[in-house]
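As a starting point, one isolated chain is supplied in structure tokens, in the form predicted on its own.
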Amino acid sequence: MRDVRFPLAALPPEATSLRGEVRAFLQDEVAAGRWVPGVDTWLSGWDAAFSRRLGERGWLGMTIPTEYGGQGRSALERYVVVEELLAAGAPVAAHWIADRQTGPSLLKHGSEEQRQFFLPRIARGECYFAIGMSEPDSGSDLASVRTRADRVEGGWRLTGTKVWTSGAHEAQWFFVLARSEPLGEDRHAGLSQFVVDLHAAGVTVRPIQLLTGAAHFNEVVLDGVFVPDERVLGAVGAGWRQVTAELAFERSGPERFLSTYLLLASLVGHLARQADAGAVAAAQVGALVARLMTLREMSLSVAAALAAGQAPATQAALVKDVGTRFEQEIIEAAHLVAAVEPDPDAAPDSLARRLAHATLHSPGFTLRGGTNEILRGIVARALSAGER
């Protein structure tokens, strides 16, 4: 059995001044009342105007080359911006998917026409994407997708249903993984990716309500949706290879352990104000902070590997598995050590409100981006096969 390693990665010197710029901008935004910080806002906080303001400052599409409207900066500089946005609980959901993984996928697999059309819009914060991978009765087992792509004159007809599609009710486009050849002995063969207009004829989007009553997940039904040849992503039949590379971007970022960061910050502040908080509570919170720093090093290591052109799928799966369980443990610790009743209608910056919202959002933490059971299977296969 082989081990899985996370080589240490260091942020570039320019990251310090960049972090200061982002923090000052976010403080001004909050002071001006443009949005209210919240937990889990990277999927639930949709604010297109805020995304456009980030685009104007050059903080979207940071790693996209300048010839496609991006900033041509490093992945670790982008990491700093993303980390600050998440820590502030900023409403980043509108651009999140497009900036995190659509842009890199288009750069790697997209046609020149696709790059010219989509990438400048993504960098300006004007073009929003969702992900069409999971399906009913298939869950995170992507090789079992049943959405069918049938060849027709000038393109393809897509038929099937996608589920847990975050932001599809607001986004303009989504990547769809579909079976373009009959299922054979190799389940990974015969899959292709398509760039689908969410407003095209035959597309039905049905929001799925969360426990809070809000919705960011969706069911998306494709009823013979026509997709022209120029909207095939990459090579026909290469979908499995493309998707598995894309998932490393989806699973390893700081959003996988910072969804409840504001709750942790509120808990620390709450305990600091209690004269009798006790050593047990302090030790429990201290352990959480130590784990947070470890997860950050793991995530930074994967970001550096991705920037170097590697495909650290196993390490990314570990970050998401450990990180999403960590997010839930923050909630459990808050319930345990803070004598506060969760209240979704309490003051926006209160521990009671953040605890309530985190609790109501938490069932989705270990599901989105691939269930933890699927991720552990990926890690187990890699260890047994000697894959690093």
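Don't overthink the numbering: it's just position in the shown sequence, from 1. These numbers were taken from a predicted model, which means no experiment stands behind them.
What comes next is about the form predicted in complex with a small molecule, which does not appear here.
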- Item | Partner-facing stretch of 84-92, 278-286, 193-201, 161-169, counted where any non-hydrogen atom is within 4.5 angstroms of the small molecule in the predicted bound form | 161-169
- Query: Is there a heavy atom of Glu21 lying 4.5 Å or less from a heavy atom of the small molecule in the predicted bound form?
  - Reply: no
- Heavy atoms within 4.5 Å of the small molecule in the predicted bound form: does Ser134 have any? yes
- Does the small molecule get within 4.5 angstroms of any non-hydrogen atom of Ile374 in the predicted bound form? yes
- Is Phe217 close to the small molecule in the predicted bound form, meaning a heavy atom pair under 4.5 Å apart or at it? yes
- Query: Which of these residues, Ala9, Leu367, Val379, Ala15, gets a heavy atom within 4.5 Å of the small molecule in the predicted bound form?
  - Reply: Leu367
